[in-house]
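Given as structure tokens, the chain that follows is alone and in the form predicted on its own.
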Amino acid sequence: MASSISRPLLDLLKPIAKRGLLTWERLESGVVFDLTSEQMLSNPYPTYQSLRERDPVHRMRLVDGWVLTRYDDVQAMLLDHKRFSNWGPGAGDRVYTRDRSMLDLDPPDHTRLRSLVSKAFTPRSVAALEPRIAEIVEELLDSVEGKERFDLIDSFAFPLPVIVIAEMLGVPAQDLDNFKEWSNDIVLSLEPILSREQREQFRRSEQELYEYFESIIARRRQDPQDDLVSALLAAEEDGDRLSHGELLATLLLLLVAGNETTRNLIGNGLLALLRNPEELERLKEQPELLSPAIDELLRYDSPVQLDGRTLVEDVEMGGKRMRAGQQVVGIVGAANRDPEAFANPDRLDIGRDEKSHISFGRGIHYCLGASLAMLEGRIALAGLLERYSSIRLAAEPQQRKQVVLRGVENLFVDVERPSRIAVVEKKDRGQIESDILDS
């Protein structure tokens, strides 16, 4: 019995069991998918390539399930919510511990919840946020004015999306530090393998964030404002409102997901451009490529690397029989670099015009905030390129210890402002003459 085995002995047996499972996996297919390896954290793409080439529908043993790495297979999984469920046996280990958000539900509950929340993310609603997002970008860059070196994540990529979603929800943006800590802990729930300490960590932060939202909700019930919390309290679709538990789960999802994906988009995207300086210069010379550049950055190093489902019936794919109840992991990062879908997939090409990436998912669970994330990404990148004549990597960034949401912990950059002459040269002749007269 496990209870009669000492803790030191259990800790010793775990790596032995792990090695045994990975050896079994390699003997079966010639390749392994080790979610806990340092390679998966630092650079998972060689592993993805090996899986895609040698065993694209791969039986993983550390987690009882399957791994898909081809574009068509991953897309098929994401589109088929009837056979690949977002809620099933084992899902409770990777989601929030209290109430299910729409992220973890299938129709009809998913349809009901999404329809109530989606009103805040219509194209018109998102477009109306553009001036305010541009203001926030300028304010954040002003806050590091005069610094030749700063951490782009801490000073810019993290606070931008948090301020945006906080203002949408109607919660105080000055609580940024708390939001960061809660968000960093809660996203651990998406990881497929967690230690006991990590589980306690995200449950503790979840409890604190729920308590925080309870106080906001109580105030909005008494005094509704022009914000998303008040709108969700009043939302009604076919006579059906959000329950209190659903409201809490939705607010938690919006705050966490609303900053994590965009933070990693900006961080991963700028890091990719800094490591591919010819593409960075190309973007400076051709600003009209900004929109396709954001799509390419999402494809090249996706903020969301893995997306899991549970089989509700047996499914055959790639000549393999996957059984009902098993977990299936679609590797978005691998699909986005499938040479069958993208030419020279490991090359960053900001002018790429091919199949669309699947970084925001597909089907009914397509990211609700995708258009907002892309808008924030475009305005953020444009603001950086306009503000600085030179941006260089100052140090190798520290990778976050997560395999599902891929991003860097920090990104220190050295920057230079353009000279006044260079700024003036960008203006049209009429403006230049006006400057001369004013002087």
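Since this is a predicted model, take the numbers as computed values, not measurements. Numbering starts at 1 and runs along the sequence shown.
The same protein has a further form, the form predicted together with a small molecule, not shown here; the description that follows concerns it.
J.: Going by heavy atoms within 4.5 Å, which of 216-224, 173-181, 334-342, 361-369 lines up against the small molecule in the predicted bound form?
T.: Of the options given, it is 361-369.
J.: For Leu270, is any heavy atom within 4.5 Å of the small molecule in the predicted bound form, or not?
T.: Taking the distances in the predicted bound form, the answer for Leu270 is no, it never comes within 4.5 Å of the small molecule.
J.: Please run the contact check for Asp307 against the small molecule in the predicted bound form: heavy atoms, 4.5 angstroms, yes or no?
T.: Yes - in the predicted bound form, heavy atoms of Asp307 and the small molecule come within 4.5 Å of each other.
J.: Using the partner position in the predicted bound form, report whether Arg114 sits within 4.5 Å of the small molecule, counting heavy atoms only.
T.: Although the small molecule is absent here, Arg114 would touch it in the predicted bound form, with heavy atoms inside 4.5 Å.
J.: Taking heavy atoms only, is Val329 within 4.5 angstroms of the small molecule in the predicted bound form?
T.: Val329: no, not in contact with the small molecule in the predicted bound form.
J.: Would you confirm whether the three residues Ser29, Met60 and Gly65 all fall within 4.5 Å of the small molecule in the predicted bound form, going by non-hydrogen atoms?
T.: So, no: the whole triplet misses the small molecule.
J.: Let me know the one among Tyr210, Phe121, Phe202, Phe150 whose heavy atoms come within 4.5 Å of the small molecule in the predicted bound form, would you?
T.: After the contact test, the surviving option is Phe121.
J.: Name the residue from Leu248, Ile163, Leu78, Leu280 that puts a heavy atom within 4.5 Å of the small molecule in the predicted bound form.
T.: When the small molecule is considered in the predicted bound form, the option within 4.5 Å is Leu78.
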